[in-house]
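Next up: a single chain in C-alpha cells, the form predicted on its own.
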C-alpha cells in the first residue's frame, strides 16, 4: 500500500478502577507530567460516566488531552434504566469506545448492535473507537481471521468513504487483555498481520487511498515495557491502554514512547 502518515493515538480506558476523586487527581497528574512535553501524539482519556463532566472541565483548555466515554447505548434516548446515550455524553466527550470485549461479554451485544453505536456516534460528530478481536477459543480453533473479518465487515458495510476517516478500529485480542491474566502476549508480527487484514478489508470496500486514512490501534495488556514491540510494527497507529492508563507515570511513559511522528503502512 502507498505510504501515508497517520497521527499516532493513545487512548486510556479507565474502566471502573477509580473513585471520582481519584479520577480528577489522575487527570491532574497526567496534565502535569505532559506540561513540558511537545506532543505529536493524540491522547484521549476515557473516565467513568460520573466523572465525564469533571474530567472534561479539567482538560477544557488543554491542547494535549481529549475526553472519551467508555460506551453508549445504541438508542439516542428511551426507557433504558442504567444506560447512557450519545446525547448525554456529547457535552463532555469527543470520543467513545464501543464494542469492547467486556461489554460484548456482559451484555451479549451483537456485531450489528456495535455497528449501530458506531453510526450513532458519527451522526453526532463523535469519534468511535470500535474494538474487534477473538476469544481464546476462537484463537485455539484458528478462527482469528474469520472472526475479525466478520466484525470488521459488519462495521464497514454501513459506512461511507468519508466517514471511514472519522473511525478508529482497535484490534483487541480478548485472551490478551490484562483483566484476563494472559499467560502470553500476542506475537507483534501476528498483530501487524491482523491489522493489515483490517486495512485490506477497508481497501476492498473503499479503495486503498481511503483505507490509508483509517487509524488502527492495538489493545491488550499494553504496558511501558511492551508497548514499543507493538507500535513500531507496520500499520499500527497507536494503542488502547487499560490498567496502565490509571497510573499517570506509566501512561505518560507509554505516550512518550509513541513520540516521533505518524506511523506508516
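Positions refer to the first chain, counted from 1. On a predicted model such as this, the values are computed, not experimentally measured, just so you know.
Here the subject shifts to the form predicted together with a small molecule, a form of this protein not shown in this document.
Margin query: My question is simply whether residue 176 lines the interface with the small molecule in the predicted bound form - judged by any non-hydrogen atom within 4.5 Å.
Written below: Yes, contact at 4.5 Å.
Note to self: Against the small molecule in the predicted bound form, would residue 222 count as a contact residue? Criterion: heavy atoms within 4.5 Å.
What the structure shows: Residue 222 belongs to the contact set for the small molecule.
Notebook entry, point to check: residue 15: heavy atom within 4.5 Å of the small molecule in the predicted bound form?
Noted result: Residue 15 belongs to the contact set for the small molecule.
Item checked: Residue contact check: residue 27 to the small molecule in the predicted bound form, 4.5 Å heavy atom -> Residue 27 lies outside the contact set for the small molecule.
Check: Of these, 152-160, 71-79, 115-123, 168-176, which stretch puts a heavy atom within 4.5 angstroms of the small molecule in the predicted bound form?
Finding: Checking each option against the 4.5 Å cut-off leaves 168-176.
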